[in-house]
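First, one chain by itself: the form predicted on its own, in structure tokens.
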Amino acid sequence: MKQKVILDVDTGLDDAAALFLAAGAKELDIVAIIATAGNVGLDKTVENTLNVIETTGLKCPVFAGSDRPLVRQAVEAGDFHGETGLDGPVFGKRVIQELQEEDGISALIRLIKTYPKEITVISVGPLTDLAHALQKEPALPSLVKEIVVMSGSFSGGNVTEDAEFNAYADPEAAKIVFSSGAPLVMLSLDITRTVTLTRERLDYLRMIEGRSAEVFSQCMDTYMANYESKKFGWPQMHDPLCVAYVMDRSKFVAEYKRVVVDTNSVSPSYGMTSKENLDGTGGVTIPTDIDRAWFWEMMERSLRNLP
């Protein structure tokens, strides 16, 4: 039986990889996709999301989420993802996908209430949409099956010395989500940094027939060039790991801890996440290792499953 999921994305380059992985995964039933502001502004993440989903041939509703963080000024990551957030591929006119009129937060609440205990939310951008939904519907933690997020770091950040981008982009939202009591899984930089795309693997995936593999490769060419220009090594597959976890959690090793977010906006560690031991419930499942060979097998399989 397929797992119902809602994807909440701020579509840049590794979000695109996550979307391709999810769209081609036989394990997943994508109920909806919500685009939120993050890597770039909302107008661009919406456009990028619609274009990627059009490429996959997937037919599912796409909604617009939040256009700004809860409290802080917006921060973006165009230096990694390009001016459009998805520099590299050129998309033609869409014939399948169009943006839904309903706002993404209302849609998120409505769909989780329609399918209680059945939907897993995969959030790979700032956690603003989830925070708004939790504030508007206090019952959400008991209605959602699980929330899987790419957020935070326990070993140094990628936007400040201490903070990972998604947590830093909206620390107040992250605090609401991590303290909500919902069944929560956190893929942090500590694991996502260990899954990287080499040039040899990209050249191999590029040979897969179809427009999806072509667009994926064009996205990854840009992603790889941006990593190389900053001397950061091979590009890291942050967001796709959340999708992979939902596909088969048995391929991961995990621990269970409480997660705390620094929301002191004048602190140099603003947006930093830290973990604490706890007894009983109220914690977060934190994957610490993954079967990397399996992950790349799944990415290849998804690209082969797509047009």
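What you are looking at is a predicted structure, and each value in this text was computed from that prediction instead of being measured. The first residue of the shown sequence is 1; numbering continues from there.
Just so it is clear, the following notes concern the form predicted together with alpha-D-ribofuranose (RIB), a form of the same protein that is not shown.
Interface membership of F178, alpha-D-ribofuranose (RIB) in the predicted complex, 4.5 Å heavy atom rule: No, F178 sits far enough from alpha-D-ribofuranose (RIB) in the predicted complex that none of its heavy atoms falls within 4.5 Å.
If we define contact as a non-hydrogen atom of the residue within 4.5 angstroms of the partner, is N39 a contact of alpha-D-ribofuranose (RIB) in the predicted complex?
Yes, contact at 4.5 Å.
Wondering, does K44 line up within 4.5 Å of alpha-D-ribofuranose (RIB) in the predicted complex on heavy atoms? Close contact is absent here: in the predicted complex, K44 is far from alpha-D-ribofuranose (RIB), nothing within 4.5 Å, heavy atoms only.
Since only the chain is shown here, I'm wondering whether T128 would be in contact with alpha-D-ribofuranose (RIB) in the predicted complex (any heavy atom pair within 4.5 Å). Although alpha-D-ribofuranose (RIB) is absent here, T128 would stay clear of it in the predicted complex, with no heavy atoms inside 4.5 Å.
Residue (of L86, I147, M220, L189) lying close to alpha-D-ribofuranose (RIB) in the predicted complex, criterion heavy atoms within 4.5 Å: After the contact test, the surviving option is L189.
**Prompt:** Which residue among N226, Q97, T120, N158 has a heavy atom within 4.5 angstroms of alpha-D-ribofuranose (RIB) in the predicted complex?
**Reply:** Among N226, Q97, T120, N158, a heavy atom within 4.5 Å of alpha-D-ribofuranose (RIB) in the predicted complex occurs only for N158.
Next item on the list: Would you point out which of 103 to 111, 211 to 219, 196 to 204, 231 to 239 contains residues with a non-hydrogen atom within 4.5 Å of alpha-D-ribofuranose (RIB) in the predicted complex?
Entry: Only one stretch passes the 4.5 Å heavy-atom test: 231 to 239.
- Going through 1 to 17 from first to last, which residues have a non-hydrogen atom within 4.5 Å of alpha-D-ribofuranose (RIB) in the predicted complex? If the 4.5 Å heavy-atom criterion is applied to alpha-D-ribofuranose (RIB) in the predicted complex, 1 to 17 yields D10, D14, D15.
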